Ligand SMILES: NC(=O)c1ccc[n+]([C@@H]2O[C@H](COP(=O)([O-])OP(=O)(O)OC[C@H]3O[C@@H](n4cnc5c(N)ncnc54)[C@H](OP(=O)(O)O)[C@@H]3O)[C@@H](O)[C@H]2O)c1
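Below you will find one chain, with nothing else, as structure tokens; this is the form predicted alone, and questions on how it binds or moves follow later.
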């Protein structure tokens, strides 16, 4: 029997490419999913794929101060209350840093980092009522390896990784796990046409969202604290931590390609 059987999972970003695939994979693992997102039509379509009650759509904008409160109010009425929080929402930001507006940078950090911090903070009391609970952040390779054209996005994901690592150590003597799981490039609408064109030119491998979701759910169920999906991304992330100069030189060769697509 799956470790997620009979448990309730709060999933943000549920209407996105990876989020929708996660809904399917979590239900297949036996969980009830509170699917949180901004796109009502997409959430209803996802729920319609499954038996009644397996997916509960909740329309909420995490950038709105009322969003977390709406999520807590919904979660507190469920039986059982959620014992797993999966943060799969994200805002993209491909482009040269100097060409991004201060407002766009603020929105990026609010969505990718501050909203996650806020939601974790308000849900901790509920999660602690369970004998076993998990907070899972769906990160990115760029949370371990900063990439040109993604400087601000990388900063938000580095921050999210630091948050999860710090919380895991802060709760090391409690039955509450914090997991940071990182997909590599995935074939979803999250990628802009410019990113897709750059990935093709640089021969970047892209995974199917269903395959990614299956790996993520397996890691959630097993309690794996850290995971980087994909090779050679897994190797590059480790090299960047130990010998960042090697990565500097490798990416410098590709910088003209990145700049050309970022300016387009």
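Positions refer to the first chain, counted from 1. This structure is a prediction, so every number in the text was calculated from the model and none was measured.
Form predicted together with this ligand: not shown, discussed below.
Trainee: Just one of 123, 90, 164, 155 has a heavy atom within 4.5 Å of this ligand in the predicted complex. Which one?
Mentor: Looking at 123, 90, 164, 155 one by one, just 90 meets the 4.5 Å heavy-atom criterion.
Trainee: Answer with one of 179, 144, 83, 186: the residue that has a non-hydrogen atom within 4.5 Å of this ligand in the predicted complex.
Mentor: By the 4.5 Å criterion, the partner-contacting residue is 186.
Trainee: With the partner left out of view, is residue 15 within 4.5 angstroms of this ligand in the predicted complex by any non-hydrogen atom?
Mentor: Because a heavy atom of residue 15 falls inside 4.5 Å of this ligand in the predicted complex, the answer is yes.
Trainee: With the cut-off set at 4.5 Å between non-hydrogen atoms, does residue 44 touch this ligand in the predicted complex?
Mentor: Flag for residue 44 set to no.
Trainee: I'd like to check something about residue 28: if you look in the predicted complex, is any of its heavy atoms closer than or equal to 4.5 Å to a heavy atom of this ligand?
Mentor: Residue 28: no, not in contact with this ligand in the predicted complex.
Trainee: Should residue 60 be counted as a contact of this ligand in the predicted complex, where contact means heavy atoms within 4.5 Å?
Mentor: Yes, contact at 4.5 Å.
Trainee: For the interface check, one of 95-103, 133-141, 74-82, 170-178 should have non-hydrogen atoms within 4.5 Å of this ligand in the predicted complex; which one?
Mentor: It is the stretch 133-141.
Trainee: Which residues from 202-240 come close to this ligand in the predicted complex, meaning a heavy atom within 4.5 Å?
Mentor: Nothing in the stretch sits within 4.5 Å of the partner.
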